[in-house]
Structures are given as structure tokens and as C-alpha cells.
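So this first bit is one chain, no partners, the form predicted alone, shown in C-alpha cells.
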């Protein structure tokens, strides 16, 4: 368990770097199950909340704030079940301590896959309800009345018959001695004050005023700054280096070799960068120097001609396709993509003989603690991790490479070191969304609906590459949204071939569905047009076994006025998909200029995420997903030459500009089901909706991303 450090001690020692970095509050349990706080006068029934004698409620947020609103939703859920006043609740970021703060579903203190609310909701509610019951019991004991005669309301316990009232702060000492209820009664939804209501984001003021602390903002007394020269080829290593010129740069303090290259350590970032540019390094480029995008495509095409592993096999698609009749065939390809977070990778570490402190914008606090412990040889409890705000995560900040940079460099030079990546480092040394090659075949029956459907997917398996799935098995992430595609097809065969040529893979926002939603929803659109059917009605008719898909499809189409006249030159496209526990449909309104430029004017989204804790947050996540997805559809492409990424910055890996942003309308379908994710599900259906609208406008089918405007030019 982490040692308890007060805020005052942190500030006095120069270790606190701003809001949101307070070390968490450990909780022990007595022999009878009572909560025992380590500070007198504080009621802490569990690790998620505490109340002091002044009535201040402090909530510990375990989910890193990367723009998705966890600081707000966590406090909403706990404050609602606790009956606290939300505006008077403080929020602290949890320290790295997997024993206390692990995700109850995954068992790790690592966050991705839109797991913030959907994995923690029940646990947080139970923790807060237990505290509420203990406070009510404490008041009943104080008054000598039955607990059934008291109730809580907005930070107080009230005895209804007499009108007597005690604030939570007045009850902390008595409540602290009570046993913690193991199965407290939860509020019914009609009693919610905050859950399901729009609430303003807690982190917005910090970001507007600049008080919010990101990784790049961290300052530690005596801190040095490092920049690392990395091999331009994936997997390459240092053969030799000459640091003579680098050490002559004024302000350069050290030049050391670390796992990921040569670290130039200086008194500031600009100085470190100048020293890095003066380095002379000879690289052992290794076998990846032979890999190129052309080679990868050629290997994919060859693999697609051979049978793959069978991921799903309903009926006998091969027999029906071979029986004669018209077979429609298409090939869809998607490229490697980089996360391109707005804040480049960075981390700060201070390695000492008996302790290590890490400050990092990480999605993986538990993994960061374990990495630092492994590199320093210290036990995990001697490693403190402060999770700062994240300037975008999208899966990239779940990796450990930038943590390794900081810990190894600090250990080598014996001082606190902040390692900062350049944008070029970020683009050329990332973990990329897989490029894939996908072959489709289908035949329609007399009604125009699919009688048989065959898909063969070729590409690398991210779970297999990362050791989370066994080689030779089917990678669940690679086939997600294809293997479980919702359409009612009697003869359906899905195959997958693992073709991994060594490009490092990462969990890119919405992972498998990000590309697979595009290929499935584009191909079903092809079949609709082949059958002479309306694309919306065609999908709707095939979703009889998937009512939640159908419901969001209908909601999006209705709110977009599907079928109603549009301005001249405008067309609509539609798509629907399931990912990360949520169902989403998009309708895109698009125009294509004579020079091939694509403009998305309007996106109408419908989402069924079960319980929407904060509707404003749902809308924000869907809007953010639209930006991410449109950027990828219009521009995103990482290409490889001689084992090197050819893109380097936003001039050749561009982002969507504000003047390109469509109007986004988000409609929430409250199904009453278990909560689903929000960060990822808004991505998969944007690209196919846009590309299907392009087909409606031009008659040209987009089967390779990003969209090539040259192919859409008209004379």
C-alpha cells in the first residue's frame, strides 16, 4: 500500500505539480468490517470517498481524465448515490495502486475500451450507498430512533417525525465506527438527482484558465529535460554513437543510451533538441528495413487468395456462392493509422535509491507502476505514480514506451528527468491501427436480400502481437464488428488470416470496429443498391434479430428526415454498428465538388448506450468521435518505406480543420439496458455513412481509405 503523503508535505517537498495530483487515501478494515481511516475525524468507508468533519466530500477518481469527462461522471455517480451536493464535492485522481483501484471487470488499473462508466458504475454506486446507509445509521444512533425513521438529503440526515437534522460532517466520527454494509440498497432511478441529467464538465474551468496540469506542464525541483534520438526503422538498434558534438552544446548535461535510443539530457527542451541534432549515430536497422507498404499490400493480396481461419460459419455460404447465379465481389482496404494525440508523448520520472516517482499522462497507471518497479528493481509500493490530465489518449497512452524513456533516463543520470517527444517522434514511432485487406462475395435471392455472404479478412492481429491472444487463434479485435455483424443472412462465412509484417500495432480509438464498421456498412450498402432498394429500408429489413441496432437506425433516419428533399448536390448515407457495449447509427449529408473535394454538411447520430449518466458528455463524445473518424476518412494514412514511416507531422498527416467540421446532432435512445461505452462507439459508423453518401452523389464506391478526391473529380 502506498505511504500516506499529505498535500502540505507534497507541496513543501516540491512534488506536487498542480490540481488533480493528490496521492490517494488508503483505507483499511477492522476485524468487524468497520472502516478505519488513517486520519482522525475522517469518515472513509472505502477507497472511493471520504468525508471530513467540515462536511467536505472527496471522491477519488480512478479513471484518467483524457477528455472523456471521467472527473465529472465519477463524481456524479458517487454524489448521487451518496446524497451529496455535487457542487461541493472535490475530486482527486487515484494513485497507482491496482490492489485498491483496479477495474472490477478487467482486474487491472488500466483504462481503455470505453470502460470508465460501464465497468465501474455498479461498484461506485454500491460504495456510495454503503456510506449513505452508515451515515443514516449514525444519525439514528445519535438520536436513539429507528433507522427507518431517518433519510438522507443533500449532505444531511433528517429525522422526518421531529425535523431534526445532522450534517454529514457532524456524523463522521460515529459513522466511522460502524460496520460497512456489504449489500446496501441502491436508489431507484426516479430518485436520481444527477444521473441522467446534463451536468457541466468539472475539468473545463481548469483547461480554460490553464490551471489544469498535463504531462508537459510538470515541473519538479532540479528537473532536467531529455529528447531521445530513435532509430528511424522499426526494431532497429544503436550500433555506435559519437556524442562529442552534442556535449559541446551549452546546457547539455548528459548523453546516455537507453532502450529506445540515445537520450540527450539538458537544462531545457530546446537545448536537448539541439544536442540531439548534433549526435552522430550508426544504426543496426535490422530486418524491418526491407518492409514497405507496397510489400505489405502484395503480401495481403496473396494471403487473400488462400483460405483463412473460420471465424463464423452459418449455413453453407461457399456452396450457395458456387451454385451459380450472380455473385457480387468487392475488396476493401484500410491503411495503418497513427493516434496523433494533441499532446505528444512525455513522462517525468525521479528515480532515487529507495523510491521512484513518475508523473505521466497515462491511461495505464498500474502498468506504469509495474514498469517503473521492473526497471528500478524497487517493490511496486515504492513507486508513486501521479496521473496528470491527458492531452488525448485514444489508446496510445496505454503503451509503456514513453514511461520506459523517463524512468531509464532518470536512473542513468541520477536526477529527475522529463522526456519530451517531438511531433515527428510521435508520428514516426507510434503504435498503429492495423492496415487490412478484405475480400467480400455475396449473392442475392429473388427478393434481393443476401442468400449468401462471404468475407475473408487479412491483416495483423493486435491482441496476438501484444501477447494477449495465442498465436494461431482468431484475434477477437481483428474480427470485431464483422464476426458479430447483425444482418440476418442464412449462409454466412467469415474468415481471417493473420498477416503480421512487424509494424507495431496499437489500440486506436474503437480498434477493430473502426475499420470493420466501414467495410461491413459499405458492403451492405452495395448490396442494397444492387437490389434496387433504399439503403435504410434494406438494412431495417435485415435487422429483425437485432432490435437495438434497428432502434438506433430508425432514430437516426427519422431525425435526419431520411427521404426528404435535400439542397441541390447534397446526398445522404447511412450506417449502423455495435461496439463497446453501445449501438450507434449515423446519417451523413454530403456534397462532392467538381474537383473531388468532399464536404460533410451534417451528421445525425443516434446512440443507445443503455444508461446515459451525463447526456452532455454523451453528445461531446459523439462529436469528438466524429472529428476523429472524419479525419481518418478524409486524410489518415501511414505509409512505410524501407521500414520507415514516411509521414512526420501535420503537413503530411493532416487533421480535420474547424472549417471542415459538419453540424453534428446527437440523439440518445434510453433503452434502460446496462451502460455501454461512449469514447469509441461514435467512430465506426461515420466513414461508411459519408462514403455511402458519396456513392449516392457520384455513383463511385469508396473501397479504399482515405478518400481519394482525384477519383471523384468530374470534368
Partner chain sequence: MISLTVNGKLHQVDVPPEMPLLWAIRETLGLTGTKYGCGMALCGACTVHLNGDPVRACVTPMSAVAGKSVTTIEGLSDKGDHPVQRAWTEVDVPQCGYCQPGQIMSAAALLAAKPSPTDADIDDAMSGNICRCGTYQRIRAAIHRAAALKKGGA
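Residue numbers count along the first chain shown, from 1. Everything numeric here is computed off the predicted structure, so don't read it as measured data.
FYI, the form predicted together with its partner chain isn't displayed, but the following is about it.
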Heavy atoms within 4.5 Å of its partner chain in the model of the complex: which of the stretches 652-660, 670-678, 686-694, 44-52 has them?
-> 652-660
Within 4.5 Å of its partner chain in the model of the complex: all of 124, 157 and 613, by heavy atom?
-> no
Residue 624 near its partner chain in the model of the complex, any heavy atom under 4.5 Å?
-> yes
Distance check, residue 631 to its partner chain in the model of the complex, heavy atom within 4.5 Å = yes
Contact label in the model of the complex: residue 299 to its partner chain, heavy atom within 4.5 Å | no
Considering only heavy atoms, tell me if residue 225 and its partner chain come within 4.5 Å of each other in the model of the complex.
-> yes
Could you work out which of 570, 550, 637, 201 is the residue within 4.5 angstroms of its partner chain in the model of the complex, going by heavy atoms?
-> 201
Students should find that, of 256, 243, 620, 89, the residue having a non-hydrogen atom no more than 4.5 angstroms from its partner chain in the model of the complex is 620
Though the partner is not shown here, which residues of 308-339 have a heavy atom within 4.5 Å of its partner chain in the model of the complex?
-> 338, 339
